[in-house]
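Only one chain is shown below, in structure tokens, and it's the form predicted alone.
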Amino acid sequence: MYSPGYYEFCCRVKIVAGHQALEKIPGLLNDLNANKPLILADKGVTGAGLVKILSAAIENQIEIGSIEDDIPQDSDLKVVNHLANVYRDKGCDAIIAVGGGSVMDTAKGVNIVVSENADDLMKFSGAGTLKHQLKPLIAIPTTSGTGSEVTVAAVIADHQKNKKMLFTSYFLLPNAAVLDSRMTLTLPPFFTAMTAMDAMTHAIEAYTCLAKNPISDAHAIRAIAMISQNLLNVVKNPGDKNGRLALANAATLAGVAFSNSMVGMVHTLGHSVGAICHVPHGTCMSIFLPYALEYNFHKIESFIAEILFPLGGEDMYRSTPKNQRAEKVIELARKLNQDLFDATNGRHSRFLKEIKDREGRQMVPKDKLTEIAATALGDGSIFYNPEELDYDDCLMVLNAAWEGVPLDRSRIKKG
């Protein structure tokens, strides 16, 4: 399963992190021979005042070409094409993306169009279609979760055709990721918990799935430790700048890890729940994480056991008998979800039937589980999971995660 004799690892992104990291952007642009960036964000980011903070940090040294914040929650083909025209009309020579995964994906899509001087983004979908270096792109994450600032992929939706297209290339990597604690200080506790659990899942799946390697392992282990040590405190004390910066660094570490080792069934099931029931990605990740560890236990017990050190700390690792460490990790994963549920006054969901929309309606009806299970079989992450998954397996896990009960491991078909 784990073959460290051969692997590939790549992270070409320069990472600049600190409480005043934004002030380094003019120098970064100068190094890239750029001086007129297009700033991309969404309404939430501008509404929180984050673009104002960025502008104040750079505008005395850099001419801002334009600030555009009409980016939807799902990256959209029409929006990409519109923003590419703005880039050209304003004479911009770089892009600064300020936001979460959708903003990052949109920025990558815009960069393809303007760099290739193209009018049809979809010609560049898939892998290997980009052949040249793109325009300078600086990514500033405003959540500590997706890791998009260091990933090679973008997902752009064509809503007219009701489909999402994947773009993947090393050329999509931003030139720099700027991690500044000011960019996540306004993130509410519920969103802090949800996005950080996305990062935690990236790290744990990177460490336990089939394409793991020694360098991705190192990034993953450190990410797990930093999230474990800081998440609950930041949820309870949102103004903790050091904790915020630690979570931002952890999300980037986890992004580097899973970009080079892939993910497994947490994402397989989470992507499908998100697609069918429109549940936030981080919520799915936190719910399915302990179930994936249970399902894959017989294949990766030793790797799960090793996670106890960064997740629970040295004292817990040493005091737990070796043959009980993997089980302890699963226990801690569930406890973390419970602690986040308590710390967010019940807004952090522990299992599927708890997920509600703003009107209090259940977002994942039980009669949707069969459709979710069928959809999961087409997700690419399924191939990197340690144990094989078929329709019945997916449905079994979904039913347990819906009810909030541990998985009956005697029902797992061991391949």
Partner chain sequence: MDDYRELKPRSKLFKKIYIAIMLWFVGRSIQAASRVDKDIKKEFDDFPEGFTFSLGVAPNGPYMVVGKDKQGKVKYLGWNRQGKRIDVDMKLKNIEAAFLLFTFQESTCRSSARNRLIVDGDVPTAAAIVRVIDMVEVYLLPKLIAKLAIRRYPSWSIMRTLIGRSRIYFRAILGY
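Computed from a predicted model, the values in this text were never measured in an experiment. Numbering follows the first chain given and starts at 1.
What comes next is about the form predicted in complex with the partner chain, which does not appear here.
Within 4.5 Å of the partner chain in the model of the complex, a heavy atom is found for none of F191, H278 and I355. In terms of contact with the partner chain in the model of the complex, the residue from E371, E63, D70, E388 that brings a heavy atom within 4.5 Å is E388. The contact residue chosen from A153, V86, L210, M122 relative to the partner chain in the model of the complex is L210, the criterion being a non-hydrogen atom within 4.5 angstroms. Taking the partner from elsewhere, I382 is found to have a heavy atom lying within 4.5 Å of the partner chain in the model of the complex. Under a 4.5 angstroms non-hydrogen atom cutoff, the partner chain in the model of the complex has K299 among its neighbouring residues.
At the 4.5 Å threshold, heavy atoms of L377 reach the partner chain in the model of the complex.
P238 falls outside the set of residues with a heavy atom inside 4.5 Å of the partner chain in the model of the complex. You can rule out all but one of 100 to 108, 125 to 133, 270 to 278, 191 to 199: in the model of the complex, only 125 to 133 has residues with a heavy atom within 4.5 Å of the partner chain.
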